[in-house]
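First, one chain by itself in structure tokens, the form predicted on its own.
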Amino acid sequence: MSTKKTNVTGVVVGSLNMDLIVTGENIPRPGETLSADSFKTIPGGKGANQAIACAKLGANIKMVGRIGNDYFGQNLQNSLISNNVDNSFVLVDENVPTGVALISVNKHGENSISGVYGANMSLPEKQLIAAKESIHDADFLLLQNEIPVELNMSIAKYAKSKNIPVFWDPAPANKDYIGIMEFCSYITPNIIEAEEITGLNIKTPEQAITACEWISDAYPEITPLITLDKEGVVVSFDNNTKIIKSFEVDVVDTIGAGDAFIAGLAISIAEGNNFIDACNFANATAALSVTKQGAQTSMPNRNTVEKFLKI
């Protein structure tokens, strides 16, 4: 893969959470108590995950978000710093604690997540001021749904007015955020999130293709990519819809795979690569991320992805 631009600059406006991860044979059903194998605390949050994924892939990244003045918040700051992410736009809330995510992972690497977003959801006006300041020289903006909808909407609109491509991972699924699509260049929902956006029932790859075409028809300025886990990703571009297959790897856990995917996609497109190459780069980044535990700790670096693709 040839690159036309190096040292791309990106901004992530999003969440910072501490992930509290329990790993066991199965994920408990409602009312069920199970013994588990391990417990870890690992820095996470979809925004911070994406920022670190981008930084490990070689981009200059600014993180815009909010944490509490507590132990978890300091750990999240340290994770950003150690991974070469500019954290000067991460604000500290003196009254609201840092967000957390309670995560259960089963033997197949599948997970369920409950988020308590804490400081991520406080004082969006101040976060918007920081976000606008941060993106003046950005090649792309990444967004998710773990921050206030009005913050997402406002910064997406501002970025579009500055001709900065907006990449939106609409996770977790929430209809309140769908208005952001008016300002997006690329969106990367999984099946559940695509159902929320389109109102369609998606159980098969063929139905995912229909949903992808629905998004493309309804929002002609958006390039939609619906991720199908191990089956790959459905994409609509240049009046063509197809499935780009993923890579076979040994799965440890899938936490952060969507964050890895959109990071790889944004960077490859910002570097000037063609769309199919960018999708393959994103698929490879996501595939490598699921071979290790955790989110930020599992994000691959640039050399690892390029060797995997034999670039």
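A residue's number is simply how far along the shown sequence it sits, counting from 1. Here the structure is a predicted model, which is why all the values come from computation and not from measurement.
What follows is about the form predicted in complex with a small molecule, which we do not show.
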{"query": "Which of 280 to 288, 251 to 259, 53 to 61, 32 to 40 sits within 4.5 Å of the small molecule in the predicted complex, heavy atom basis", "finding": "251 to 259"}
{"query": "Contact residue in the predicted complex, from 91, 164, 96, 113 (heavy atom within 4.5 Å of the small molecule)", "finding": "113"}
{"query": "Position in contact with the small molecule when the complex is considered in the predicted complex, options 151, 211, 235, 103, heavy atoms within 4.5 Å", "finding": "103"}
{"query": "is_contact(residue 13, the small molecule) in the predicted complex, heavy atom dist at most 4.5 Å", "finding": "no"}
{"query": "Residue 44: touches the small molecule in the predicted complex, heavy atom cutoff 4.5 angstroms", "finding": "yes"}
